[in-house]
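In structure tokens, one chain follows: the form predicted on its own.
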């Protein structure tokens, strides 16, 4: 069973990680497209309409891949995790069904209307379609996050005599405090992904001296939106998420910070390598008492370390948790630095001619995807060994009739299929970037 459990977890981790490449891009672009359409409507400037139509193409490609990879992910609940589905379906089925029926159809319907174009809908109608596309995308994201948040911090439920969880308060589920912080942090991550993607394409156009007018517009909007999102992701959303961890998942906080011993005035580890045998951090670079202050706003506050908890209640892969968290935080700090410097050069009106800064924006493209992935690894590995924190162990949620061999067979098949999808996605996106917004506008 343990071998099968490992493969089931690997299977779900692979499909979720691959799938989330696309929603984070669409949710970020949905806001940026809406902003482009809003500026176009206010100013009557066709230049912004051309930019919105161009990014709608990228949005559509990513949206299609997100749908294709998202449907198998939800089916995995029933195939690989049937015991979990049977136990928790009465709760999470609410948000998952709403995400599919309301948010998905809202987003896809108005995206289809958006593609009809401004000539058929009129300027205001086209703007409304962009607004509803944005709202549908972000509502979809909220319902998914609310589902995960219930697994992190279960509320509004009762345990029936047959061992199944039943929903007792719909509003407790959708207004879960954990969900509110997690959602805001997640969506800001998506905005950063969309901003860096737009800025990277704009930098490419300026460096290659093609579509320079649109390249400047892309960079200007992306840098302004991105720098705001990067700061908000640090505070208050990142700080708020950390407070929730300290209150409800202290084991996760201790593990991801590499805090092996309970301390008053606990230090914050910037760097270091966790040594699980000797239970210490090797080569640590620390800020004295900073973890106590960030967690409880008191420099001398006591922070529980991993020695405070039974070993069986600690995350089962502390090393992965520690590194994924520090990768997320490190890249988030880099985003603030790059975007702040870009904003300063934009204000000085030197950004478009600064080849070094343009190259930095261009080469930064993959890092928001890596940071968001690391963030979700932190959340999901940190919850272990619980599938529903404090209520259901992960090993209790798998499908008992699906062997490790069966799981490996489907996992390898998914890997092959998703490789083809990844190649197709890159080909279609690169083709649209090569064509550029000017050519797209002429053909619209």
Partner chain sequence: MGNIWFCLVALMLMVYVVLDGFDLGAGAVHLFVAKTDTERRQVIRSIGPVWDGNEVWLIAAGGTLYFTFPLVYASSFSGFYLPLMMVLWLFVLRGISVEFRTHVEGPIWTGFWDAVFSLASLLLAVFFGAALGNVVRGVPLDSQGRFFEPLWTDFRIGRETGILDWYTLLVGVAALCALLLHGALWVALKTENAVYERARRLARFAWFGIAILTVVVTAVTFRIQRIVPGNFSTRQWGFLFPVIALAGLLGVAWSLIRKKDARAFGSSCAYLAGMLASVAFGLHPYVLPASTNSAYALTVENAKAPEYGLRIGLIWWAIGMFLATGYSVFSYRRFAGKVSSAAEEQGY
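Positions refer to the first chain, counted from 1. Just so we're clear, the structure is a prediction, and the values are computed from it rather than from any experiment.
The same protein also exists as the form predicted in complex with its partner chain; that form is not shown, yet it is the one meant from here on.
Enquirer: Although the partner isn't part of this model, could you tell me whether residue 170 comes within 4.5 Å of its partner chain in the predicted complex, counting any heavy atom of the residue?
Expert: Yes, residue 170 sits close enough to its partner chain in the predicted complex that at least one of its heavy atoms falls within 4.5 Å.
Enquirer: Residue-level contact is defined here as any heavy atom of the residue lying within 4.5 Å of its partner chain in the predicted complex; does residue 297 satisfy this criterion?
Expert: So residue 297 does not count as contacting its partner chain.
Enquirer: Would you please decide whether residue 419 lies within 4.5 angstroms of its partner chain in the predicted complex, comparing each non-hydrogen atom pair?
Expert: Outside the cut-off, so no.
Enquirer: Does residue 166 reach its partner chain in the predicted complex if we count a contact as any heavy atom within 4.5 Å?
Expert: Yes, contact at 4.5 Å.
Enquirer: Identify, from the list 213, 74, 275, 239, the residue with a heavy atom within 4.5 Å of its partner chain in the predicted complex.
Expert: Of the listed residues, the single hit is 74.
Enquirer: Find the only residue in 40, 377, 407, 392 having a heavy atom within 4.5 Å of its partner chain in the predicted complex.
Expert: Result of the distance check: 407.
Enquirer: Hey, of 25 to 33, 45 to 53, 379 to 387, 58 to 66, which bit sits against its partner chain in the predicted complex at 4.5 Å between non-hydrogen atoms?
Expert: Looking at the partner contacts, the answer comes out as 58 to 66.
Enquirer: Indicate whether the candidate residues 106, 113 and 431 are all in contact with its partner chain in the predicted complex, with contact defined as any heavy atom within 4.5 Å.
Expert: Each of the three qualifies.
Enquirer: Between 413 to 427 and its partner chain in the predicted complex, list the residues on our side with a heavy atom within 4.5 Å.
Expert: Heavy-atom contacts to its partner chain in the predicted complex: 413, 414, 417, 421, 424, 427.
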